[in-house]
Each structure stands twice: as C-alpha cells, then as structure tokens.
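As a starting point, one isolated chain is supplied in structure tokens, in the form predicted alone.
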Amino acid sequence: MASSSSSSSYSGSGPDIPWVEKYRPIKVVDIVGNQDAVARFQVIARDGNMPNLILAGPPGTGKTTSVLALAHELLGPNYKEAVLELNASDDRGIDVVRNKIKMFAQKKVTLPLGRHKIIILDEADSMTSGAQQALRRIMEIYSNSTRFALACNTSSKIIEPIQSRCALVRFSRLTEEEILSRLMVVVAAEKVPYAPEGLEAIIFTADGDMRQALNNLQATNSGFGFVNQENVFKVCDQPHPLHVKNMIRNVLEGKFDDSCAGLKQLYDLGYSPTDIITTLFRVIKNYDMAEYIKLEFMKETGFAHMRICDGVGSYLQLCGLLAKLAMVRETAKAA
C-alpha cells in the first residue's frame, strides 16, 4: 500500500472503486512496510534483469502490489503485452501450464535491453504438484526471455526444484505505525469523519493486514458514516478487546467466576471459540503484567488454540483455559 498522497501514485480512479484498489500504489517506492523487500525491488526496477522470484508472506502485506508495481516500472508502455497474470481463480492445472504459459513464454515481444516478459502466478501455493513440475522445465528453457514471479502465503508448498530456481523475498505483517500512516492518507483523501480510537480499533482488527484495514475503514464509513471504536467492532464483528481485557483482569485479580461470566457473555453473543481465543491472545500480548506470567499465559493460550483448531471448539475448552490461567497466577503468587 502506498505512502505517497499524490493521486498519480494510485492505480484506481472514480468513486465506485473499492479503496483497496483505488489506493493501490503503482510505484515500488510508494509501498508501505517491508523495507528490505521494497529496497530490493527498487534496485531491480532501476537496473533491470529481474530474477525469478518467490514472494512469500501473510495476506494483505503487499506481495501482489509489489510485483505489479515492479512490472509496471520495468516494462512501462510494454506492460500489457509483456505481462501474463494468472490468479488462483484462473485454471492453472497442468494443461494451462503446457499451453497458455508455454505459448506466452514463446511469444516474441520487443523489449529494451535487460527487460524480460513477466509471468505473475498469484497464490502459487495452490497450484497442483503436477502443474509445478511442468512449470520448472519452462522456467529453464525460456530463461533468457521470460521471468516468473510467484506470490504465495507459504513457500514450503512450492516444490523444491522451483524454489531453487527463484530468489525468495519474504514479507511480514505490517506494523501498527505503517498501517496508521496509510489510513491517514486515505482518511484525508476521502474526508472520512473519525475518532482516534476508531482508527486504533481498525488497526487492532486488521492485525498487520493492510487490505483488511482499508476494507474495514471503508465498511465502517459507508455503514455508519463515522469511524469510532463501537462502529468498527460492529462492522468487523470481532469480540470487543475491552471485554476480553476485563476477563484477563478478573483472572489476575483472582475473580474466576466473574471471568467465566464474561466468557459466557461473549460465547452467548455467538462468537466462535476461534474468534475469542485469537482476540484473547492479542490482548494478552499487549497486556501490562509481569513477563513470566505473560509467557505462561501465552503458552497456555497457544495450547488451547491448538486444541480448538483440532476441532474441540467448545465453551468447556475456553473455561478450561481460564482455569489454567488462574492456576498460573496462583503458582506465581505462591512463588
């Protein structure tokens, strides 16, 4: 996502475009976060001769945006005829690799020296193993005219022969400051009325995902016309961190029954155990308590999350977690 507020840096225009697309940067320098990765892309954009790339990282951190911006800068007016983009929604089985991708790799396009045709495969980790095997030979045969950029969430799902042919660029979740700087640009451009704690809530619900942050901002603005904490949590429908914070506080103060009552309240509102436990983990991470207690709390929460992911998502599991947290607190007190 872009940090520059000049409208020429954005790929979209018009009132009806989602803000995620409207404010998607088209220059590498405008991308927020992951400074090391962006710096590498800037060097490639300046010097040309892009290697085959694997871009790995969580959703909403700018992988697709980066590679599209890089392609725009490298190819300029030749972008349309020299770039092939295939997403997970397109058919990318072995036949497509053998036909469509191979045909594009064979296609003659006149490009400046040091520039190559680019094939972008988004969500590459969802490609079948057979399609990836067919792809590895094409990468080698046409290496002098075509480069590949594979975006994925986990690089381990890409077969090793392809991994060894590519430079790996890792993307991490964006920091709160990076997301806030981007939100402020959009808020100013769209004249969104907001309260500071509303933006804080958006950053909390996004959890390092810029796409989620912008979508939540737009949804809250169009639904309520004002971005404050209450409206954001209504739109995002996540357990309110204040409720969860009260639960933790009650555990730390030895009020186990009150803590369970707070949990029951959240559970009865219809939140899934996964929603509750992920919010619980993030609240514990930022809670002001003794470090050794915090580490034990995070460990127990992690074990409970694992059990819930295995399918044992019940109210009893969550109460059991609170009981374990209370035991940790008792042990710490005795020590």
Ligand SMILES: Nc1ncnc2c1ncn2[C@@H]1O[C@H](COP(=O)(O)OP(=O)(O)OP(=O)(O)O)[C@@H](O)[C@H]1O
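For every residue, the number given is its place in the sequence shown, counted from 1. Being a predicted model, the structure only gives us computed values, none of them experimental.
Not on display, but discussed next: the form predicted in complex with the named molecule.
Proximity to the named molecule in the predicted complex, defined as a heavy atom within 4.5 Å, holds among Val232, Ile118, Leu214, Ala124 only for Leu214. In summary, among the residues Thr175, Gln106, Asn153, Gln133, the only one with a non-hydrogen atom within 4.5 Å of the named molecule in the predicted complex is Asn153. With a 4.5 Å cutoff on heavy atoms, Arg182 counts as touching the named molecule in the predicted complex. Though the partner is left out of this view, Pro273 does not reach within 4.5 Å of the named molecule in the predicted complex, counting heavy atoms only. Contact annotation: Met210 falls within 4.5 Å of the named molecule in the predicted complex, judged by heavy atom distances. Contact between Val20 and the named molecule in the predicted complex is found at the 4.5 Å heavy atom cutoff.
Considering the named molecule in the predicted complex, the lone stretch of 45-53, 29-37, 275-283, 297-305 in range is 29-37 [heavy atom distance within 4.5 Å].
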